[in-house]
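Below you will find one chain, with nothing else, as structure tokens; this is the form predicted alone, and questions on how it binds or moves follow later.
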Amino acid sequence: MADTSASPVREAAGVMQGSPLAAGIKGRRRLLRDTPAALILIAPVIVLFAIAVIYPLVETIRLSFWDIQGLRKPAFIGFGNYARLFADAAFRNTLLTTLIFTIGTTVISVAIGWVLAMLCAFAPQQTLPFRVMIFAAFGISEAVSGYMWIGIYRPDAGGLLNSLIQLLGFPGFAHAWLGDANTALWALIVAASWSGVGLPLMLIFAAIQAIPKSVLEAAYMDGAKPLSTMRHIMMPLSMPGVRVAVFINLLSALRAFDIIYILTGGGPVRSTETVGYFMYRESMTQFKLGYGAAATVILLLAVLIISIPAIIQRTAGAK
């Protein structure tokens, strides 16, 4: 009787069974089998995302091509709103204000967050309650923070900043910080930066905590001083947290609204009006929905442009 177990067909099948081709076929079959279940599980998320994000986005883009003012009959004007925006000197000033506000708050917030994270990382264990208080202080909302800074910037004797200036013997420097167009934007940047320190502080502190203990122990055994350890080990290895903090703070500053509304309302003479506040004013107080929607689309494009480097970096990291 012939031995069929060693036939060429069986040998080919055995080789085929363990080959990459067979593994690929098995993987595709598993994918086809699991796909319906995966779609069913993710369907609610897709529906909610479409309702909460996709529909408002599409509707805003659609409105930006229409002239809608109050109760007047809407009229399709194509790119007319965009042409009006860039011909509007107030909007061009708003773009410059947004650029200064975004860069200023991001740089100050991340710099302060970085310094505080380094100090917290070096602080002894007995200072844990104080470190918790520092983290908690930056966790309050922008609205509450805004009212706190109103008290600090008050132009009368009740204002904390002016009182401190007079106490130090410089009464001539007392000023209506939020009432002067020359100082209002910088006063707003300082207040918004203070509100935005919390996130960089947590992200950078987490990045420092993720540094392997063996690296720090090796540095101590080599006789490295705390300042040298901070400069040559902690600062370079905390850069991933810094990059994420810069990216998130840029996006937050671009769409800032709460603290501007509470502190200055865009004034005086629109000197603190960013794009986010501009679209609110045009849409909600001037009832120019199409005009405000066009400003919203421009803000969205700015956010997408800022997001591109992060997306590219994320994609490269995934590969």
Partner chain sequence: MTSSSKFVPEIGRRTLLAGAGSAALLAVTGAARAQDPVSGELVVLNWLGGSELEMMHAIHKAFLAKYPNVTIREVAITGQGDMRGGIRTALMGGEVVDVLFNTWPAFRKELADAGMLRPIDDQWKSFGWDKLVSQSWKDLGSIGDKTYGLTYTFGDRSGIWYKKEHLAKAGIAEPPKTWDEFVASFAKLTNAGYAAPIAIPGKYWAHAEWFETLLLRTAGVETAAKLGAHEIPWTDPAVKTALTKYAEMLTSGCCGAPNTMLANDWDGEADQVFQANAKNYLLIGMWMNNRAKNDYKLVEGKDYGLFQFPSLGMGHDDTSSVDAKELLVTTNGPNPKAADAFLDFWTSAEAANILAKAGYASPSSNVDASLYGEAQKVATQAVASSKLQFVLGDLLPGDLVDEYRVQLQKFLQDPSTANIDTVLAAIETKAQGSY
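Being a predicted model, the structure only gives us computed values, none of them experimental. Positions refer to the first chain, counted from 1.
Not pictured, yet referred to below: the form predicted together with the partner chain.
- Task: Can you check 229-237, 93-101, 195-203, 150-158 and let me know which stretch has heavy atoms within 4.5 Å of the partner chain in the predicted bound form?
- Result: Every other range fails; the passing one is 150-158.
- Query: Only one of L128, L71, M221, A87 has a non-hydrogen atom within 4.5 angstroms of the partner chain in the predicted bound form; which is it?
  - Reply: The option sitting close enough to the partner is L71.
- Task: Please pick, from V115, A176, I134, L216, the one residue with any non-hydrogen atom lying within 4.5 angstroms of the partner chain in the predicted bound form.
- Result: It is A176.
- Query: Might T285 be said to contact the partner chain in the predicted bound form, defining contact as any heavy atom within 4.5 Å?
  - Reply: Looking in the predicted bound form, residue contacts with the partner chain include T285, since a heavy atom lies within 4.5 Å.
- Message: With a cut-off of 4.5 Å between heavy atoms, is M279 one of the residues that contacts the partner chain in the predicted bound form?
- Response: So M279 does not count as contacting the partner chain.
- Query: Does at least one non-hydrogen atom of V269 fall within 4.5 angstroms of the partner chain in the predicted bound form?
  - Reply: V269: yes, in contact with the partner chain in the predicted bound form.
- Message: Under a 4.5 Å heavy atom criterion, is I262 part of the interface with the partner chain in the predicted bound form?
- Response: Contact check for I262: yes, within 4.5 Å of the partner chain in the predicted bound form.
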